[in-house]
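As a starting point, one isolated chain is supplied in structure tokens, in the form predicted alone.
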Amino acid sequence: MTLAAILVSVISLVVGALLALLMIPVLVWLERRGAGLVQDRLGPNRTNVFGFRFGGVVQSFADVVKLVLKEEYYPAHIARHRWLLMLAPMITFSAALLAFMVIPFADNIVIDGESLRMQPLPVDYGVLWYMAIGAIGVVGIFLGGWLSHNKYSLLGSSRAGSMMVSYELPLGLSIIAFVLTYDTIDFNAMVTWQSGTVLGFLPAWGMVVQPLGALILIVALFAETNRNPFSVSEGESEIVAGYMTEYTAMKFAMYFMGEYVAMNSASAVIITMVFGGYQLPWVSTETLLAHFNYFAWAIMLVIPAIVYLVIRWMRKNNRVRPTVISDGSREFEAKVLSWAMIGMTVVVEAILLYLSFSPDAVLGTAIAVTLLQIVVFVVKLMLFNLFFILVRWTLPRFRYDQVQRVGWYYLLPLSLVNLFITAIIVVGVN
């Protein structure tokens, strides 16, 4: 194994872990701000560190401190087997985290003629890995509800089991339809397939070539992440908190964080299989590498415009809502962040200017294309995570019998019809 391969593997693993773990406080912040937007209120905006609030993100880190310092509670009946109670949320969190590790966030980078994967776990059977590991998360819910020795917790875990039976079959059948279409079980190969076009002008994204399969996949993954309108296993109005009722402090935090990691993983799978992954529409990696100068100049024009709009928005927001912190720290924060964004913009512009005028910078161009694809992947990931959040705060929750009805009466027949039509078309085309 060459030095370049080791370096790329380490970087991929670090970037994947950061995208999975650092996204948790960001998603918690988005959840609260999204809820505030839907309910016409501000959301968290007071907690700060030396005057820096970062729009309320600091509140998420304050919650971490609170959960770490909270009292650890264990039911009396399980005093001698506490490790089992701690194991349940660890299973759910670990399964969601490992499922994310097979998602490619950029195309393979070529260094000295060697093609290296930008993927935390560089395997070519990512679909099978995700289906196997992702389904293990419900085991932690079963275990937590059963060990709690609580009627509400047991009801919550039972609901999770009934829901799993309802959505796993449609999920698997929709994924099989995508596998037949792309003729691969490798996530990166799926993204490469989607870099083409359909009918000469439409991007060959999964949403275009498999609209019914994409819809079934999205609905089934909503159910797998246990988010509204499928959050029947933790219905606060009926069963308090379901399988989490007896969990406190960091044990509860593991379940809480596992939900957001699972949502992030589901969003990554959806954009990888349905929305072109890290690819821009109509633009393949080869096109980016061959015509990088044009893209570099376009980026150099777009970035300053975006930074200018963000700075104007911050200043306008400070004038419209000046009462959150009255000591002037909002203005100080806005100034520091503005100068930081301007400095980063100057650095990025200088790098792109150098690469656009240096035809010999082959490795630099490859790295720049990889960074651009990571940015595209993160933007798509955040947009679909935001969609998850808006759905939660917009739609009411199903009853658990309605979840089964949707799964068995609608999703399963539709997924079978979609698979049948896909098989006929694939055989006919071949």
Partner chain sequence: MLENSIFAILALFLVGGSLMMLWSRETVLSAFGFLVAMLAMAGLFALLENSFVFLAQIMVSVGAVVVLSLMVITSINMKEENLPSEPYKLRWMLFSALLVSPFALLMYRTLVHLGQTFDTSREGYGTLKGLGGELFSHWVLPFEIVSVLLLAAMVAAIVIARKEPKQ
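Computed from a prediction, not measured in an experiment: that's the story for all the values here. Residue numbers count along the first chain shown, from 1.
The following text describes the form predicted in complex with its partner chain, which does not appear among the structures shown.
- Looking at residue 129, you'd find a heavy atom of it within 4.5 angstroms of its partner chain in the model of the complex.
- Its partner chain in the model of the complex is not approached by residue 299, whose heavy atoms all lie more than 4.5 angstroms from it.
- Among residues of the shown chain, residue 202 is not one whose heavy atoms approach its partner chain to within 4.5 Å in the model of the complex.
- Using a 4.5 angstroms limit between non-hydrogen atoms, residue 291 is distant from its partner chain in the model of the complex.
- Taking the partner from elsewhere, no residue among 356, 366 and 372 has a non-hydrogen atom within 4.5 angstroms of its partner chain in the model of the complex.
- Heavy atoms within 4.5 Å of its partner chain in the model of the complex map, among the stretches 275-283, 190-198, 161-169, 339-347, onto 161-169 alone.
- 136 is the sole member of 136, 208, 303, 110 with a non-hydrogen atom lying within 4.5 angstroms of its partner chain in the model of the complex.
- The partner is absent here; in the model of the complex, the one residue of 91, 253, 118, 261 having a heavy atom within 4.5 Å of its partner chain is 91.
- Heavy atoms closer than or equal to 4.5 Å to its partner chain in the model of the complex belong, across 180-213, to one residue only: 185.
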